[in-house]
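One chain comes next, on its own, written as structure tokens: the form predicted alone.
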Amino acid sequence: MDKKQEWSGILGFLIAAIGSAVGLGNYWRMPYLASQYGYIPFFIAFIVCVMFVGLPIMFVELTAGRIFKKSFIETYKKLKFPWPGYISFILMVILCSYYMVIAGWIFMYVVTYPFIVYNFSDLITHNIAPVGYIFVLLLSAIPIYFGVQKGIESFSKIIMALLVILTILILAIALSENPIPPITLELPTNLEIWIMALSQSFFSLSVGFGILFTYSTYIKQKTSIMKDSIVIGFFDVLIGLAASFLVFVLLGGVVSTEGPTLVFDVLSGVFKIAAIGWLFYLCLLIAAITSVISLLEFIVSNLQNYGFNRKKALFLTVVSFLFLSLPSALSYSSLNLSFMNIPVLDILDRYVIGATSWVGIFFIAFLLQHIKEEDFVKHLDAGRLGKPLYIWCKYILLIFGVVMAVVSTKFLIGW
């Protein structure tokens, strides 16, 4: 039986949780969405959605982890309704299988950028892209092998400090070489901006499917969930805004319709100093790996309920993903592995994860139905805001869940 995993303290938990939240959503997805929807309007909508949707979901997820103190699957089993736990586990396995493939692309950019500036088509043509996920998988497994405190926490403290320093350095150099484009205050009046901002707030904070729930079960000290959530949300938003502002400066404020390949095809050629471009992709890789670690930890944590110790669960996870990620990796290679002319990775991203992300709100809302109001208020530690926030989380969040369900359906079948 493995020793119960715990953080060394609240600071260790916060840094690891920030690392979990900060990922491709901050350095890859948010910049291209901001460039598509006009920067300032998108920033405003995104911050509002984080405050009223993302953070409340995080309140519930962290509180539930503190109260139940079990893995995500075991918690739902205890509540006599195991299916949300199983569904979340399957969805996180699918997400991780192609998420690390994208992280692998970034890894190959970091490896090759000092020597040659590849665009995304070059990576595919030369079959460089598919092998990157193997290195990401092995690198991400190392901290998990050493456990929560000696592995994930220690790694996160170093890597997140490096990420912040590099982000500030890149911004400072970019601002010294490029003028800040004119900033026009525009309000987000387009409904589509709000829809995408809502989706981004959910994606960026990594809430809804038990990752932060799992991290919360490792807290041994008394803590204020509201304060912890605000700290996690603040740094997550700050890094996302910094990455987007960098793109805003580098592109001269021009709105780009490039979409998901923006950071690969457009940004790879706009850095005046190659070293700065390399540092940017290094930041992108760091952010991606911290999220892969949290996904793998979630999977390992749940596998330990089935007779595996941590090391055996990790070994099984790593070996499984060598094969599970292969279809997504090969879908962007000279083989062009696809189904009905759609790359496998795109199918998983759009038609599986993209179409089902809304269910996380209902899974978390279900947990709140089994938490007494006084327990929620106590762990939240929000003073007079405790009871109003309980009502907001228990009832109003369900409305946003319905909205996301409708949006996801439209996304699935096309606008």
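None of the values given here were measured: they were computed from a predicted structure. Note that residue numbering begins at 1 and tracks the sequence as displayed.
Just so it is clear, the following notes concern the form predicted together with a small molecule, a form of the same protein that is not shown.
The partner is absent here, but in the predicted complex a heavy atom of S206, alone among T317, S88, S244, S206, sits within 4.5 Å of the small molecule.
Proximity to the small molecule in the predicted complex, defined as a heavy atom within 4.5 Å, singles out one entry of L330, L95, V110, L139, which is L95. The chain is drawn here without the small molecule; in the predicted complex, the stretch among 74-82, 95-103, 188-196, 165-173 whose residues come within 4.5 Å of it by any heavy atom is 95-103. By the 4.5 Å heavy atom rule, the three marked residues G54, V60 and I225 all fail to count as contacting the small molecule in the predicted complex. Within this chain, S294 lines the site of the small molecule in the predicted complex, having a heavy atom no more than 4.5 Å away. None of the heavy atoms of V148 is located within 4.5 Å of the small molecule in the predicted complex.
At a distance threshold of 4.5 angstroms between non-hydrogen atoms, I10 is out of contact with the small molecule in the predicted complex. Under a 4.5 angstroms non-hydrogen atom cutoff, the small molecule in the predicted complex lacks L14 among its neighbouring residues.
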